[in-house]
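Only one chain comes next, encoded as structure tokens, the form predicted alone.
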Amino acid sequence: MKSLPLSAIFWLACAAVNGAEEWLDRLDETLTISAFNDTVRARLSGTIELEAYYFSLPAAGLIESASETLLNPRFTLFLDAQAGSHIYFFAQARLDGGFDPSDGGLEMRFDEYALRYTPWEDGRLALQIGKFATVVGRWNERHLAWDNPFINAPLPYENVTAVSDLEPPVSARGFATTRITAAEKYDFTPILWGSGYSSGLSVAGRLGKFDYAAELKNASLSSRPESWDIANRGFNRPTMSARLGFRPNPAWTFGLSASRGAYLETADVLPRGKSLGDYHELVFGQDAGFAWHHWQLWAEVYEARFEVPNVGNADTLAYYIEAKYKFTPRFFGALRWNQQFFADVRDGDNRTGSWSEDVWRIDAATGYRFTAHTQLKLQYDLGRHDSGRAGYGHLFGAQFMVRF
């Protein structure tokens, strides 16, 4: 299965489209129910995704594979339920090889489940509790496969840095010379780990041209998926995050985000008198969006500081600029430029140097929606290898999905 050529995704797409549209329309109606004069409504929906990758080793980002090729199937099921105009519940369950693309065995888990209460119908306030995506930034609004013009996430959400939440450095010299191998990659963290489905509660709303959101979650933005469940990490080292947005007109959106939370999961060696909760990840972000006719543009910038035991502050800045153009209602293209910079730290000999190699990556993708239920995306990435590895890396990817 791992060596399945990318062309097979195209032929699978063509075969699946023929004769399936009418059946999917009927399925959509079957999975929608209502009761009590339509005051209670529930709908099941989902996607079947098949991704194929070919990349240079070691795999960049959060892809976990020892081979140059990877076939990553995924089945996602969504539940949306509404009781009156004030109570809303949603959940997301996935069956795949892991939250990030992996050549491991299939597993099933709940990525999201949350209850939302909206006291007023004008949207000024909504209270939510459960396990859900972070309010920081705006990429989460389009992170699901059907809405994302690309197959993967922007660089700030998946580029692994030299900061480890499992094995903090024992000295500044060791931290400054960290080089991450493929086998060790999952001991380290990015600024934001994907959509950040951690557990907690949030408050959000709209007031005129402004929108706001704040959350108290059990794990930091850089935390790994295993930490997002309240049963695994608890709530003893919470993270506070917030975003303030401004929409001056229908074309433009702007936002400011901030987050502070303890990021360490374990530590063998900490300075005397210190605990896991004394070391934080601090993130400040800015985002902008623009839509005009066939164009959509997005940009985000994140400045992050990790308080690293036995080292001090490790600062980094990452950003991306993304553009999508609709050639026709079904056919689109997208281009994304990503970059990340790392500040200097002092090593054990009081010398200064960058704590990781600067990174850049360019992503190009195209997609075609055969019907309202089927879509095919192709993508190519080229960039300087992350995690301090010399040279350049590339990735070819294809994703076919069926939505019901």
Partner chain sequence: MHFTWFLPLALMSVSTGALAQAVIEGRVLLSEARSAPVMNKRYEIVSKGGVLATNPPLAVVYLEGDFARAIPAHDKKVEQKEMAFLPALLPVQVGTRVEFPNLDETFHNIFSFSPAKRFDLGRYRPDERPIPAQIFDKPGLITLRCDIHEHMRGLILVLATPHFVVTDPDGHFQIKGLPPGRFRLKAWMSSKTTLEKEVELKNGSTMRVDFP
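Residue numbers count along the first chain shown, from 1. Here the structure is a predicted model, which means the values were calculated and not measured.
Keep in mind that the form predicted in complex with its partner chain is missing from the display, and what follows is about it.
Residues of just one listed stretch (336 to 344, 371 to 379, 357 to 365, 51 to 59) have heavy atoms within 4.5 Å of its partner chain in the predicted bound form: 371 to 379. Although the partner is absent from the chain shown here, Ala126, His143 and Pro329 each have a heavy atom within 4.5 Å of its partner chain in the predicted bound form. A heavy atom within 4.5 Å of its partner chain in the predicted bound form is found for exactly one of Gly277, Gly84, Gly104, Gly234: Gly84.
With the partner removed from view, the residue among Ser67, Thr352, Thr30, Ser34 that has a non-hydrogen atom within 4.5 Å of its partner chain in the predicted bound form turns out to be Ser34. In the predicted bound form, no heavy atom of Arg179 sits within 4.5 Å of its partner chain. Its partner chain is not shown here, and in the predicted bound form it never comes within 4.5 Å of any heavy atom of Asp315.
In the predicted bound form, Pro73 stays away from its partner chain, with no heavy atom inside 4.5 Å.
In the predicted bound form, its partner chain lies farther than 4.5 Å from every heavy atom of Thr161.
Shown here without its partner chain, the chain has Asn249, Pro250, Ala251 in 245 to 262 lying with a heavy atom within 4.5 Å of that partner in the predicted bound form.
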